[in-house]
Structures are given as structure tokens and as C-alpha cells.
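In the block that follows, a single chain appears as C-alpha cells, in the form predicted on its own.
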């Protein structure tokens, strides 16, 4: 039987709340409020660039690494850099996914600025770039000027967007007009979507199997475990990485039933149930959306991120849940067969599949942790 995330945690927790002892209630029920504060603070700045940036930092990004740094030293400009201390060298060896995440950041910046009456133009990689790694050179120079075409529906969706990594309602199909709206949202890339039962079944299997490969590969699985933030105190101290907070995780932390070492133990319950959980979630995808670029240049990766953000915002406005399912698109050697399967299925005429996501109707989930915008300004 497949287990939901909640069922998995309940099994792991068992009677642990009792074991935690009286007086643990306040710890068990605490939430990482400080790490979630930037969502409420978005828009609360007088300076136009800071106001737009306060929304941009809410963009989706791989493993919630928030790999952006900005320099505001030139009036009317934002210079974006990649934080090379926040890369994912094992699951994302060429930093392709990180660059896609930076594209999400840039599109959110543009949408927020346009709502405020500003047009933003991007000069991408103005000092050049490296297709295999990111370095200290700027990713984009963003120039603000009066104008811009506001997109109120997209802007309104920014604070409500989530990456919903929970089971979806398998009794509720995704309508075709919703899929058409998602593909129409993309401006820079070829976007496609399907709710065809046979294709959905094949993509469920592909994405679940790709999760298994990432778990089975020591260095890629450890890369995720190293980024676990277990409990509110860890999340508040480091509001990036993988948020494992809430009453059950606090209980498991207090009772030592769940630790990073236990998660890494392939013979232990934490590892087995974690794999069961992500596979079970993958098998509830009700439709899929993906973005394909002709090549795989840095500029195309940025463009894919910009469109991925737009797809997410339209999905949010339609009440749809989205989860990126990028494991089969990762370029480390052990994933090569699944990468080939994904491209044969989704880009049979060639090109690079930059993003793949499952769609459906899922539960409302909390916002993900964020560093405040001030922590990302370097000049």
C-alpha cells in the first residue's frame, strides 16, 4: 500500500508525542514564523527595485537554494548574480536547473515591477558565461524604466503560488481548458501539456522511477539530506533547503526518531518510507506540463525559467497544484536512461526538455522558507 506524507509521518512518530514528555507541547507546535515572514513583507518597500525584489525572492527554485544575489549600486538597475555557494553539483552538475530558477526570479521581478508602473529589460550574461558551470560574472543586468504592461492576475497569484509536494485528488481530472491556459502562458518556449490517461500513466512511472534513481545514488541523495532543515529552529536559522517543520517533525526530532543519519541509513525506516512517499506522490499526477527549448544555452535556460514562473502563476490563479518533477531531466550519469526516456516521450523531434511538472488538485500547503530580501543585496 502506498503511504501519503501524513501517513508516513504518523507511522514514524507512533507514540512519540508521549515519549517527548510533558512540556514538549510548545516546542512540538511551533512554526518557523521568521522564515516565512518575507512572504508577508513582499511589497512593503518604498524603493521600486526593492519592492519588486521583495516579490522576486518568492520565486520557485531547485531545493529552495535561493541562489540569487543582487547589486543595487547603479541607480535604476539590478545586477543579478548566482550565489556559487548555493549550487547543487551532484543533482545539477551543469547548474542548468539553478539557471532555470534564476529565470523564475527574473520573471517574477518583471511582473512585480510592471504592476508598479515600471518596465524591466534584461541584458543576459553581459560579461559572457560558461555552459558547464556558473562563476562570479553577472547573470543579468536589469534596467528599470517607466512603463511596463501590468498583468494583474499573474501579480495577484505571486503570494499564493506553492510547489505542492503532496498527493493530488485522483478523482478530479484537470480540464482541457486549464491545460490550454497553461501552455498559452509561455512566451519564450514550446509548452505542452497532457491529461491523456495513457501518457499520464507513462509519466507517472517515469517520474517515480527517476525519484528511485536519485535516492539510490549516494551522492545525489546525500545532497538532499544535507539540506534537510528539521524543525522550526533549524528552518529559522537557515531558511533555505528542504523544510521539514511542523508538529510531527518536531516530535520526531525531539525523540531522535528522525535525523539526517537515520535518513541516510538505507536499511532504516526513514529511508524506505521517504522513498515510498515521493513515489506515491508521483503516482497521483493527473496531468503534466513541460517546456522545451531548441538548444540548451544559458539564455534558453533563463527563458525556460521565465515561462515556468508564468505557468505556475496561471496554475495558481486556476486553483491547480503544481510540483516540478525534474529528476528525469537531471544530467548526472546514473540518470541517463531516464533522461533519454523523458526526451523520447516529450521532445521526440529534438530539443531540451527544461521543465516537467505534475498537475492536479491538492491540499493547501504552507509557504516555503525564504531569506529576507536584505540578505540577498550585496551592493
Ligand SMILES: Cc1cc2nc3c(=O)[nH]c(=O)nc-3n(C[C@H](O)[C@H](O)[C@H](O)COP(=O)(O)O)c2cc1C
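Residue numbers count along the first chain shown, from 1. The model shown is predicted, which means the values in this text are computed figures rather than measured ones.
There is also a form predicted together with this ligand; it is not shown, and the following applies to it.
Checking 222, 165, 273, 141 against this ligand in the model of the complex, a heavy atom within 4.5 Å turns up for just one residue: 165. Between the options 104, 174, 291, 113, the residue in contact with this ligand in the model of the complex by a heavy atom within 4.5 angstroms is 104. Contact annotation: residue 353 falls outside 4.5 Å of this ligand in the model of the complex, judged by heavy atom distances.
Although the partner is absent here, residue 342 lies well away from this ligand in the model of the complex, with no heavy atom inside 4.5 Å. Contact between residue 39 and this ligand in the model of the complex is found at the 4.5 Å heavy atom cutoff. In the model of the complex, this ligand sits within 4.5 Å of a heavy atom belonging to residue 63. Only one of 313-321, 42-50, 326-334, 344-352 lies within 4.5 Å of this ligand in the model of the complex by heavy atoms, and it is 326-334. Contact residues in stretch 346-379 (any heavy atom within 4.5 Å of this ligand, taken in the model of the complex) are 355, 368, 370.
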